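Listed next as structure tokens is one chain, alone, in the form predicted on its own.
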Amino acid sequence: MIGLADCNNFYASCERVFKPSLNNKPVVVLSNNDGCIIARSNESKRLGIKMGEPVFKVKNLIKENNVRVFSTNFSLYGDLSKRVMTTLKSEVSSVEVYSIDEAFLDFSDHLNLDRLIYIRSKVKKWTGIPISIGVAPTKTLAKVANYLAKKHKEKGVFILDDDDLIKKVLKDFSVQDLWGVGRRYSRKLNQLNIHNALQLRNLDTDWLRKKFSINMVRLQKELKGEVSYSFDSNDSIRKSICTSRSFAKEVREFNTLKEYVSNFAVNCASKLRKQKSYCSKLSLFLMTNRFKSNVKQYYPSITLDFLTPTNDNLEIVTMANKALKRIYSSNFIYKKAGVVLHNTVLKEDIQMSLFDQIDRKKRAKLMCSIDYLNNILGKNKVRVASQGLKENLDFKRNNLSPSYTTKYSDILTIKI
């Protein structure tokens, strides 16, 4: 049996850990640069605030209902996520971290309702974060079970292990809510008069394969209780790493964009080294302000290859700036940019290039020294010249909460 532990309204819950006065009150968390709403408490959902909605569109609704608004604090959220995952690992033999707020759990040893309730209460006690746990024979069904666990607030757990129960649940479960079914697939399924998960499960497999991709066939097998997505221990590396931001002010100048892109590239490279991996492709994208309908839009992107997989700041920044030169146009004003590193591999899987002229051992020592100094002195104290001299780029974070668990200066103080 496979379980899925999912933190409830994770970002909002993180803000509530150190501010208990926010409990039972509407809370929203904004995207980078305070642009869009990316997390909502249940109270905010009931007010009709939608996920991904630009905050300026619901400004009056927020004010009228005294909704507490927070800027994203990824250092806090990331640290609390690690604490949740560590707590889960203390109770389950194998854990596959799926995202910052979700993890698959291996219950092949033994399973009962009391064990799930205990794990849930332990995570809440040790971290302050409420979670829901759904358990089923496959990952897809575990996702469904977790959805039901959130409905059972008094227990917060749900086991989906009986085939008759599975069929009953799937009959009332919309296909658009299934794991791996996006808007395009759900729209196509609805057009074919397939609206619930049970209908999808009962389709002829050969017909499904002809109409859709192999992934839909795997999904169908999972709904039948056949494992198509095996349990993977959390030793695997992320296949791609992205850093993207919206700018506080729109940018036209190439040199200003170059500073942003260079900082994004260094951030991605640092993440690569933390997971001890290397990338062989880099993508860069730019975006104008899509909310200004009266302005001509431009959304360029480009992907370039490295001769040899790398996690070196200098190589990755150079490639990012090369990509920027190719897609930049002075005819537009840009609101957002992003750097993505693809095709990550471990050191032992690197295929060296015959034409590689870089002293890899020397560069590795340099990156190790840079990481060491930045860990001691602070992020980006040692930097590439094209990152510019500003320690903090101009990003809007007007409602940022303290990083209680990752900065000595922000440690919670108690008056006695």
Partner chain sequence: MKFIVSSQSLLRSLQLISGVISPNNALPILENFLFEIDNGKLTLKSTDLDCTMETHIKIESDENYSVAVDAKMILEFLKAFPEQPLTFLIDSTKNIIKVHSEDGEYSFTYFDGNEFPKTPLLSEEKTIKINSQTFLESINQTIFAAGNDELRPVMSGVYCDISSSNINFVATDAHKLIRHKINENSNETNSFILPKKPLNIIKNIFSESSEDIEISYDSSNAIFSFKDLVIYCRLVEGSYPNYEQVIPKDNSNELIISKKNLISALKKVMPLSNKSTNQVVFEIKGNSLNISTIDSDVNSSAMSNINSDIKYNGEDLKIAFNGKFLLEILQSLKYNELSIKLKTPAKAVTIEPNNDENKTLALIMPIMITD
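Keep in mind the model is a prediction, meaning the values are calculated, not measured. For clarity, a rigid core is taken as the largest C-alpha set superposing within 1.5 Å between two forms. Residue numbers count along the first chain shown, from 1.
Keep in mind that the form predicted together with the partner chain is missing from the display, and what follows is about it.
Participant: Okay, which stretch from 49-57, 25-33, 366-374, 344-352 lines the partner chain in the model of the complex, with non-hydrogen atoms inside 4.5 Å?
Facilitator: After filtering at 4.5 Å, what remains is 344-352.
Participant: Decide yes or no: are 192, 203 and 216 jointly within 4.5 Å of the partner chain in the model of the complex, with each residue judged by its heavy atoms?
Facilitator: None of them does, since no heavy atom lies within 4.5 Å of the partner.
Participant: Pick from 111, 295, 165, 302: which residue has any heavy atom within 4.5 angstroms of the partner chain in the model of the complex?
Facilitator: Of the candidates 111, 295, 165, 302, 302 is the one lying within 4.5 Å of the partner chain in the model of the complex.
Participant: Please tell me which of 169, 88, 319, 248 lies within 4.5 Å of the partner chain in the model of the complex, judged by heavy atoms.
Facilitator: Result of the distance check: 319.
Participant: Taking the partner chain as it sits in the model of the complex, is residue 307 in contact with it (heavy atom to heavy atom, 4.5 Å or less)?
Facilitator: Residue-level check for residue 307: yes, a contact with the partner chain.
Participant: Can residue 326 be called a contact residue for the partner chain in the model of the complex at 4.5 Å between heavy atoms?
Facilitator: Contact check for residue 326: yes, within 4.5 Å of the partner chain in the model of the complex.
Participant: Can you tell me whether residue 239 touches the partner chain? I mean in the model of the complex, with a 4.5 angstroms heavy atom cut-off.
Facilitator: So residue 239 counts as contacting the partner chain.
Participant: Go through 1-34 residue by residue and record those having a heavy atom within 4.5 Å of the partner chain in the model of the complex; state none if no residue qualifies.
Facilitator: Not one residue comes within 4.5 Å of the partner.
Participant: Using a rigid core alignment, state whether the CA of residue 64 is displaced by 2 Å or more between the shown form and the other one.
Facilitator: Where the cores coincide, residue 64 shows only a C-alpha shift between the shown form and the other one that is less than 2 Å.
Participant: Would you say whether residue 104 is displaced between the shown form and the other one, judging by a C-alpha shift of 2 Å or more on the superposed rigid core?
Facilitator: Shift of 2 Å or more: no.
Participant: Using the rigid core as the reference frame, would you say residue 211 shifts its C-alpha by 2 Å or more between the shown form and the other one?
Facilitator: Stays below the 2 Å threshold, so no.
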